[in-house]
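In structure tokens, one chain follows: the form predicted alone.
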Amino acid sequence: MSTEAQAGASPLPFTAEVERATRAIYERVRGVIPEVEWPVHAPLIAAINELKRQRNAVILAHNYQTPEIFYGVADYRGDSLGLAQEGARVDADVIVLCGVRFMAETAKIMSPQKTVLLPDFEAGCSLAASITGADVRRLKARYPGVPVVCYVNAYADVRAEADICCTSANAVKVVESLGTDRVIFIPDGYLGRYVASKTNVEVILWEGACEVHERFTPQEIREYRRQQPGVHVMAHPECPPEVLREADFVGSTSGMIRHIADARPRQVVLITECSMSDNVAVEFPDVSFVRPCNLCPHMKRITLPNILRSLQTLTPAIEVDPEVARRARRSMERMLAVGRSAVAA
């Protein structure tokens, strides 16, 4: 049966051939996906992996995707910028971005000649939606000459108005690289406050927020510690300052993973989107993960069925206005140049 014909069947059959094709994948994720669920996931995984070979496609999955996507069909995994950089390097005609729309825009900006698919075009982001390019122009008019630092969790028209982009991992370094007394930092107010606490540069904030990270409270963390004495608390800097003060480690998603690899804490709670705990647990089976479950409703719009459908139809395809993309790429390249100069030093 063709992949197209299979997509019309519900559910796809869990055959002996599918079981053989996905056995190694399940052995890797059996600690985070119940065995009873695998006959539902496995036929979709097998169909997607076959179709992406036919399409000369790669699948990029963000750290917040569910394990059946992250380990079942993704060719590359990581944070949004890392995925876009990897997508630009690979020899593929099609990129399927398993994340949210600003990430797909980043992939298109970095790989304009490739078809970039987002399996659900409604996979947005509360943080990215908090600001527009027009808002940035008004900020620049209010603070003439003050450089704009834009967290990459923003849409292309916003990045096009910025002087330089940053990630949560390099935000402090980027701000200090400008050599100015103050900067405008957009769009995440909580990340901006974290940056301000780490530098003498005055940080003018835009009060955007991630709806996942802003929901965490210090009381929750204290309760984790009460229930699990000795638990190592790791928080993303998109969380409110009072939450970060309760944490043992603050860092980006990639920083959290490196810290676990280096420190090997016995028991960990990651104060971030809950699918990341499942994905990291696969890599560190000797570490016990307490799983807070603040789900990102936008990330969870990406599913195995709509990944398959996206590959079949080559839709929804992401487009970015060429002039907007050119200007957004400039701000991102300036950020990457800061990283290269730091390595060279």
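The first residue of the shown sequence is 1; numbering continues from there. Not measured: the values here are computed from a predicted model.
What follows is about the form predicted together with 1,3-dihydroxyacetonephosphate (13P), which we do not show.
Chemist: Report whether the minimum heavy atom distance between H41 and 1,3-dihydroxyacetonephosphate (13P) in the predicted bound form is within 4.5 Å.
Modeler: H41: no, not in contact with 1,3-dihydroxyacetonephosphate (13P) in the predicted bound form.
Chemist: So, E161 and 1,3-dihydroxyacetonephosphate (13P): in the predicted bound form, are they within 4.5 Å at any heavy atom pair?
Modeler: The answer is no: E161 has no heavy atom within 4.5 Å of 1,3-dihydroxyacetonephosphate (13P).
Chemist: Wondering, does E105 line up within 4.5 Å of 1,3-dihydroxyacetonephosphate (13P) in the predicted bound form on heavy atoms?
Modeler: Taking the distances in the predicted bound form, the answer for E105 is no, it never comes within 4.5 Å of 1,3-dihydroxyacetonephosphate (13P).
Chemist: Does at least one non-hydrogen atom of F70 fall within 4.5 angstroms of 1,3-dihydroxyacetonephosphate (13P) in the predicted bound form?
Modeler: F70: no contact with 1,3-dihydroxyacetonephosphate (13P) in the predicted bound form.
Chemist: Heavy atom within 4.5 Å of 1,3-dihydroxyacetonephosphate (13P) in the predicted bound form: which of L304, V320, M299, L311 fits that? Just give me the one.
Modeler: That would be M299.
Chemist: Give me the residue from Q85, S177, S252, T115 that has a heavy atom within 4.5 Å of 1,3-dihydroxyacetonephosphate (13P) in the predicted bound form.
Modeler: After the contact test, the surviving option is S252.
Chemist: From the candidate stretches 72 to 80, 196 to 204, 222 to 230, 130 to 138, select the single one in contact with 1,3-dihydroxyacetonephosphate (13P) in the predicted bound form, where contact means a heavy atom within 4.5 Å.
Modeler: Heavy-atom contact with the partner occurs in 72 to 80.
Chemist: If you apply a 4.5 angstroms heavy atom cut-off, which residues in 50 to 77 are near 1,3-dihydroxyacetonephosphate (13P) in the predicted bound form?
Modeler: Heavy-atom contacts within 4.5 Å come from H62, Y64.
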